[in-house]
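Quick heads-up: it's one chain on its own, the form predicted on its own, in structure tokens.
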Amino acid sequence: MEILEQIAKEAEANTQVPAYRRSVEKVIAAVMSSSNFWRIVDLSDEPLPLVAEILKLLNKRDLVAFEGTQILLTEAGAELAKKAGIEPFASHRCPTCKGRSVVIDELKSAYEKFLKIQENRPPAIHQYDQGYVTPENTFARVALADDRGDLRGKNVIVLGDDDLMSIALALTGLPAKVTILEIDERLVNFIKEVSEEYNLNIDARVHDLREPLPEDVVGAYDTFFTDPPETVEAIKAFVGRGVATLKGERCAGYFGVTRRESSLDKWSRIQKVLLDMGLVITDLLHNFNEYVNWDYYQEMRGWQLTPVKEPPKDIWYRSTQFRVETVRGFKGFNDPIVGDIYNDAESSTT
């Protein structure tokens, strides 16, 4: 319907985030499924700034109403949805693995130790744009990498470790070596203390990934993990750093990309960057990663954009798990990073 295209065009002009008729349809379907802003962002699977703007435009046209902290479809909105054939969302995700395709049963002993360890982790802080996944999620990543043959007897490096992946990996005893490079000295000290207490032999170092990698980690690893900021340049820089640590062809890397801060147009550019590095995308697992709500939500850009002010309670920030492999002619990125590569029109957590 013409009104849906009009809203998409106006939303894109106001936000500089690519918007389509389908973007508006998905936001309406999300409102039909939930009255909570954060859940609407989660269900619509569109960048938060765009969702917020579409909701405001729908409200301007009396198609949705803001009542306290609730976002509700009006009678006119319901009629529009009916004419457009828009239906509420339905989920068919496996309740056991949550759509991740792996379970952590074989890693239960290490997981139970990890549960106790992570209770004392340093809290996430806005300064480093931190946010970590659930403990179960951390081990699901371990299970996925083991399932793909990327851990046993391998040298593994973690670039930035909000999720304490290094501890989870080392607790399993599967990798031959685990190294982390992390800017936050609090996290590095915590990981060192845990490593000493549990005899994990984690090589934990304070390092700002905006600077080139230490020479001894370049070309020294079989597998890398990272969780980069969500601009195209940041993906190039952080994934490129990971690629620079790899020994050769058919080595693997793991990282997440959201839809909360990245449109499909941005995904297209990201995938081109990966292909140009000589990487093949072997796995894309939708909403694999689930992030625990962080305390600094009122400091982030997304809070300023929300049409209703209600703190997030349930998990809403999720990302797709990428697995990539190197092929002949691959090349990493290890140049100094200059300027702001952490923000763009689609950013919401910075």
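Nothing here was measured: the structure is a model prediction, and the numbers come from that model. Numbering starts at 1 and runs along the sequence shown.
The form predicted in complex with a small molecule is left out here; the points below concern that form.
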T245, G278 and N334 - do all three of these have some heavy atom no more than 4.5 Å from the small molecule in the predicted complex?
no
Scan F225, Y132, F114, Y221 and let me know which has any heavy atom within 4.5 Å of the small molecule in the predicted complex.
Y132
Specify the contacting stretch among 22-30, 316-324, 302-310, 48-56, defined as having any heavy atom within 4.5 Å of the small molecule in the predicted complex.
316-324
Do W38 and the small molecule share at least one heavy atom pair within 4.5 Å in the predicted complex?
no
In the predicted complex, S347 touching the small molecule (heavy atom, 4.5 Å):
no
Wondering, does F288 line up within 4.5 Å of the small molecule in the predicted complex on heavy atoms?
no
Using a 4.5 angstroms cut-off on non-hydrogen atoms, would D150 count as touching the small molecule in the predicted complex?
no
